[in-house]
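What follows is a pair of forms of the same protein chain, given separately as structure tokens and numbered structure 1 and structure 2.
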Structure 1
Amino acid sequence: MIQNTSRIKKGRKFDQVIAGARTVFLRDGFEGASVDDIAREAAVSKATLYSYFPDKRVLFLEIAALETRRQADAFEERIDDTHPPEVVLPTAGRKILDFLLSDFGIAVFRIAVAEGERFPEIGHKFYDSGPRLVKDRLSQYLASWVAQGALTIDDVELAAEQFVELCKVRLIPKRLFQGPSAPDSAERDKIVESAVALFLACYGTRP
């Protein structure tokens, strides 16, 4: 029986398990990854793996939190405060969509929602490791251009979240509910360009 707990035991082989699980999940996805494959990749016994993570979904969410943090760090590296919004926002939007529309990103979303009530602290960790970092970094960028007079925004955190949601229009619902195929680059570009245009029409400083 799975214990209803969000606390994860750590020990000397914890990092070994995490490294093996990350390799398998990114290669095979959640459904395709077996506990046997993860234990083999991590070079540990199944008993050792289960001593850290009694449920594959909990292990996946732990990997998801680490991976979203890595994606958030990569996102931050792409934001150059010296470049104006019309240059930075399209790049930021595409980076956000690349992760959200990936097989891994879709699996993270579905499992985080499904397991959020049972393991709330893990859901919080996932949010803080990815979406919150993206929002904070984008808010910081927007604030810098408000200060320069290029944008007029009263609530930069709300504006940052609005931009992310604009980038998700049509594409995320279709990906979640209408099949496994991700939209092509032309469709992604169309949505991101529209999101940027709407965002700047609302918040851009008019001459």
Structure 2
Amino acid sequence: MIQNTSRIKKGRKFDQVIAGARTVFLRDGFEGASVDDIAREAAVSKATLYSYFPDKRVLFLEIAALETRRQADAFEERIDDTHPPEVVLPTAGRKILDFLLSDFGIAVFRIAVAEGERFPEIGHKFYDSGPRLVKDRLSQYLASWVAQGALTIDDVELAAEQFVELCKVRLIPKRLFQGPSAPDSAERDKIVESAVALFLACYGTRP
């Protein structure tokens, strides 16, 4: 990444700071992370860090935005509009679930939820650059198949949100409140499969 020149802030070690902050924030959360830790992890002096960012909160916002954006981008490219729902939904659902269940996805979600009340911008940024993009992309896909007559949906946005929520069933709460567990790939498939069945039983056009 050479496009440092396009950054608003300047400095040779900018990327190091971003990387270090990412690591520490994701490991310890916002309150849990100390600026000293971040500086140490980034192998940078605190003074340098503070020359890039005015305070801890702004640094965190930067990281959160980068991360969620990255998440949504990765998902965006996975939907193939030329394939029908029966084949796209299972793989897309699995992709979504896999990300949400990753240590990464869980940590970002935790922080967004925890800090969302005190710092509304965090909540906004997280939603706008993560879940919202997924919803938009998915509902666009659904709309195209509604037009082709393979689906019958009056509110595609709502349907998209319902599908995502159905994929989260059981495993997300389990991970959130019962801690990490075994990989469980079969169980993930089962959940997604059930979500797809439920979804298509209602919105699918029966032949």
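Throughout, rigid core stands for the largest set of C-alpha atoms superposing within 1.5 Å between the two forms. Values in this document were obtained by computation on a predicted structure and should not be read as measured data. Residue 1 is the first residue of structure 1, and the numbers go on in sequence order from there.
Only structure 1 comes from the form predicted on its own. The hinge between the rigid parts that move between structure 1 and structure 2 is at A72; the other choices in E187, A159, A72, A150 are more than 12 positions from any hinge. A rotation of 36° separates the smaller rigid part from the larger between structure 1 and structure 2 once C-alpha atoms are superposed.
In this core superposition, A42 moves its Cα by 4.5 Å between structure 1 and structure 2.
Comparison between structure 1 and structure 2 places the CA of D28 9.3 angstrom away from its other position, after core fitting.
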